[in-house]
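Heads up, the chain below is alone and in the form predicted on its own; it's given as structure tokens.
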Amino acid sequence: MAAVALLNLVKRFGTTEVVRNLSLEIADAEFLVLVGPSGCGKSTTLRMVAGLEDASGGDIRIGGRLVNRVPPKDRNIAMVFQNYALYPHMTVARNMAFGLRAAKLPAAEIARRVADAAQMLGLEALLERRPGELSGGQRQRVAMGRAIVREPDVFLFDEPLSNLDAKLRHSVRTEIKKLHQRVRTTSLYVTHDQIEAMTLADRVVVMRDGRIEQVGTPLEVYQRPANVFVASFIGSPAMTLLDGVVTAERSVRLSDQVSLPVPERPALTAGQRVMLGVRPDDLTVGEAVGDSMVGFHAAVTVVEPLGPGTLVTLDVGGREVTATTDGRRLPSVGQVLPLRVERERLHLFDPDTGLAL
């Protein structure tokens, strides 16, 4: 195992800069996830760590060793790809052993490593099958097994679940979590799916336009987003964001009918424009009371039953607010409901810079 350090990393394709002065440290045995929309530079960053793309600038260190000019095969990394990258004519066992045979390891050592990985991933009964005889989830487990047997310093995962259906994504995601808990190999994982990021990561790196927007634990980026982009990207459904104006009573006026007292933390001045954010799961629908709770009334416009809960869209002065409610009681469209929220769970952002206040 080894720590990974990226210092002022840059990648250009022609005149287009897709990774911009990125610096990041991944601790030994840490599981770090790069998450962001398509085109944000996360996969390019991963490919530079793997050696599949040359860095245009900056340093890449694995275990303290500068690897910018080191070929991929000599970096002691193992990569799990989105499309499995299995040899269709080989059995599962031979696919898993391919890299070890190329490295000329003794046959007994190859057999031991393949058997250990197969047992770890529940592949023992599939070792003599070929990829065409396997499900998508089984193929991805074989791809992970091929990475495990190499006993690398670093695992690299490039959107490994994107080709799987929802049920298989959950299953394989659980396998990846279990795998890391057992082997504790430093892991760098790329995804555009924030649920994968939140459930797998020790730390999450949120990227946009080749830059890092925020680094933190999953709960840190969810509960204390650094800016509007992180607030709206992390969380499903997304945080509701509403423009408002600070009043002399230290409230934010959202409309002529709705003003909400705001947290004590940021220094605010009367007349200041702000953007107020609230997570749907922080809104309580009903007559909840408490000294720390503030609220307003809003009319239901859309009801979306989800089973364990219900997603409700409401109208607040011509703007939409989303709340999650108990799935056993469905409100009606047009019904006016009281909404309550803990005052300290409200988020405030600067509307010009997008930064959290």
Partner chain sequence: MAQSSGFGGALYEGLTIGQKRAVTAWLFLALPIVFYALVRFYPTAQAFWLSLTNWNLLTAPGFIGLANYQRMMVDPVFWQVMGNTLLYLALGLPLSLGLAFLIAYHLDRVRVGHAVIRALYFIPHITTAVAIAWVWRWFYQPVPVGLFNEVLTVVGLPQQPFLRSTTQALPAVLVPAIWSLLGFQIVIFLAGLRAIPQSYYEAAAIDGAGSWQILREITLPQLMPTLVFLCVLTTIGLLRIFDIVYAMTGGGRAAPGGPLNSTKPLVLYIYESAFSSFEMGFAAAQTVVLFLILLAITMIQLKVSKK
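Residue numbers count along the first chain shown, from 1. Source: prediction; values computed, not measured.
Quick note: we don't show the form predicted in complex with its partner chain, though the next part is all about it.
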With the cut-off set at 4.5 Å between non-hydrogen atoms, does residue 86 touch its partner chain in the predicted complex?
-> yes
Would residue 94 count as a contact of its partner chain in the predicted complex, using a 4.5 angstroms cut-off between non-hydrogen atoms?
-> yes
Its partner chain contact in the predicted complex: residue 146, any heavy atom under 4.5 Å = yes
So in the predicted complex, does any heavy atom of residue 311 sit within 4.5 Å of its partner chain?
-> no
Every residue in 52, 102 and 150 with a non-hydrogen atom within 4.5 Å of its partner chain in the predicted complex?
-> yes
Could you spot which one of 90, 107, 238, 270 gets a heavy atom to within 4.5 Å of its partner chain in the predicted complex?
-> 90
In the predicted complex, the residue from 112, 224, 73, 129 that sits within 4.5 Å of its partner chain by heavy atoms | 73
Look at the stretches 228-236, 245-253, 198-206, 76-84 and give the one with heavy atoms within 4.5 Å of its partner chain in the predicted complex.
-> 76-84
